[in-house]
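Presented as C-alpha cells, the chain that follows is alone, the form predicted on its own.
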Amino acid sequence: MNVERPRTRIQKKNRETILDAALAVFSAEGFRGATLDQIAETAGLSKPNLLYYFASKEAIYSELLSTLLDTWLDPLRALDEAGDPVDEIVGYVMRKLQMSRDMPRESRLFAQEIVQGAPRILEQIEGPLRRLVDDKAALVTRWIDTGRIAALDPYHLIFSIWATTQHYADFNTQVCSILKPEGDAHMDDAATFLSAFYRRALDPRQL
C-alpha cells in the first residue's frame, strides 16, 4: 500500500504560491485563456517545477474551485435558527459582502465557472450546495410561518443576497467606474444600504 508522505514546509509553501498565482491568472483570463506558462511566471517558478506539484492546468483549477466552494458555503452555514431572524439574515448579507471585499478574485473565478455551465463543479452544486440551500430555505420558511419575518420566497431571497453582494466583486470595474470611490469606501456605503434594504424587506409589518 502506498502511503503519501507528509509535505515539507517548502512543498507546502510552493503549492500555496502556485495556487495564489493560478487564482490571479484564472480570475483575469478565465480557464480557457490561462496557460501553465502564465501561472508559472506569476508564481516565480519554472514550468517543470510547477508540474512537479500539479499534473495539469485542470488539476490546479479543480483544486482552487473545490476549496473555494467550501469557503463560499460557510457564511450560509452560519445562519442560526436560535438567533433573531432579521439579524441572522442581515448578518449573512454582511458576511457575503465582506467576502466580496476581501476575496474579489475568488468571486470572479466562481462566477466564470458558473457562467460556463459549471462543468467542473456541477456535481457539488447539485449536491452539497443544493442541500444546504434547501435546509436554509426551510429555516427561512419556519421564520415566515411564525410571523417573524415578511413572507418572501426563501430561495429567491437567498439568490437576491448572492446577487446584491457578489456584484461588488464580479462587476467591480463597472461599480468603480460609476462611483469613482476613494479606495473601497463604496463598500461601507454598500453595507449601510444593504443592511437597511434587507431589514425593511424582512420586516413582517412591511407586507
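Note that the coordinates shown come from a computational prediction; the quantities given were computed from them, not determined experimentally. Numbers follow the displayed sequence, beginning with 1.
This protein has a second form, the form predicted in complex with the DNA, left out of what is shown; the following refers to that one.
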Can you work out whether Y53 and the DNA are in contact in the predicted complex, taking contact to mean some heavy atom pair no more than 4.5 Å apart? yes
Spell out, yes or no, whether the shortest heavy atom distance between T17 and the DNA in the predicted complex is within 4.5 Å. no
With the cut-off set at 4.5 Å between non-hydrogen atoms, does N49 touch the DNA in the predicted complex? yes
Residue contact check: Q11 to the DNA in the predicted complex, 4.5 Å heavy atom: yes
Out of L157, L36, L68, L139, which one falls within 4.5 Å of the DNA in the predicted complex, going by heavy atoms? L36
Since the chain is shown here on its own, which stretch among 172-180, 143-151, 56-64, 158-166 would lie within 4.5 Å of the DNA in the predicted complex, judged by heavy atoms? 56-64
Residues of stretch 84-101 in contact with the DNA in the predicted complex (4.5 Å, non-hydrogen atom): none
